[in-house]
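Only one chain comes next, encoded as structure tokens, the form predicted on its own.
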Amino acid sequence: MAATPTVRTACAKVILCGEHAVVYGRPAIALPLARLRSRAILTPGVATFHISAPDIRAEFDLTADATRPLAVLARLTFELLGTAPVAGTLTVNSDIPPSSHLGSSASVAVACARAIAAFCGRELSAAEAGSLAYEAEKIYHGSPSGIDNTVIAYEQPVWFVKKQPAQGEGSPMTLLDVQAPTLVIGDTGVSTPTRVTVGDVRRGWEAQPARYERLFDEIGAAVTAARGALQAGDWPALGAHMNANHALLQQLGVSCRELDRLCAAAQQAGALGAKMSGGGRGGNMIALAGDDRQADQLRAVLLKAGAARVM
């Protein structure tokens, strides 16, 4: 066991293309956000295993609050390691805003599992960390796709296609060995639960199945083309496919005035592409920059256009 504090981190994630249509069997691409991270610090103690999450004002012991997601994660990690819970305090903090569709809960879970294992003298594989985080995600979200914990644990882009019952067993995800583009994330400051927009799309699909299936097919085609551009490192082409994806999401009715304003401001300022990301009707948009210098310029533009914060 470590005699000094052990620190491990994990990244955030963002949906590059394919949200909403992914629910209906079309592909989506998710990317790691290496510069946005959560941190878990395990400090030796003399009594119980204690978890402290000051960002959300949570303090609890492993045994007293055994059903909390991070308590379950800690217990499962110790079981994987074949050791009893250690005496110490696991402190969690994060740069990732909660409820921002950037994978905050999965990132914290991965960082915590890694810190516990390292404190006990072992480094987890990406598969182990992702699997442990998925168990916590099930408590947070009910039936998660697994995309967040996979992108974050491997810190690699992921191609995701929801498996249909007839397809049987097997992973719906493929890791993509590609260079990550430079993205700027603008937060509208408006919060709409994803279940609201997902439910509205479902009702629209039920009322007009032919129209919505056509839109889903067009989104799927844009995502497939975006994958090719991503693999080729062709950022102008990737940006064009992002723009096309946003226009289709507007037709689905999941964008909003704030998202459209930020996307338009980014495009007018020279972004290679810009689109909403996540559930929509608020939340975040992403802009594709050619390099870090342009990313800094886009940060200023988005703040001036009304972004609550830019990452």
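Residue numbers run from 1 along the displayed sequence. What you are looking at is a predicted structure, and each value in this text was computed from that prediction instead of being measured.
This protein has a second form, the form predicted together with ligand MEV, left out of what is shown; the following refers to that one.
With a 4.5 Å cutoff on heavy atoms, Pro144 counts as touching ligand MEV in the predicted bound form. For the chain shown alone, Leu298 is not a contact residue for ligand MEV in the predicted bound form, no non-hydrogen atom being within 4.5 angstroms.
Looking at Cys11, you'd find every heavy atom of it more than 4.5 angstroms from ligand MEV in the predicted bound form.
In the predicted bound form, ligand MEV sits beyond 4.5 Å of every heavy atom of Thr182. Here the chain stands by itself, but in the predicted bound form one stretch of 120 to 128, 193 to 201, 82 to 90, 213 to 221, 193 to 201, has heavy atoms within 4.5 Å of ligand MEV.
Residues of 11 to 30 that come within 4.5 Å of ligand MEV in the predicted bound form, judged by any heavy atom, are Lys13, Ile15, Glu19, His20, Val22, Val23 in sequence order.
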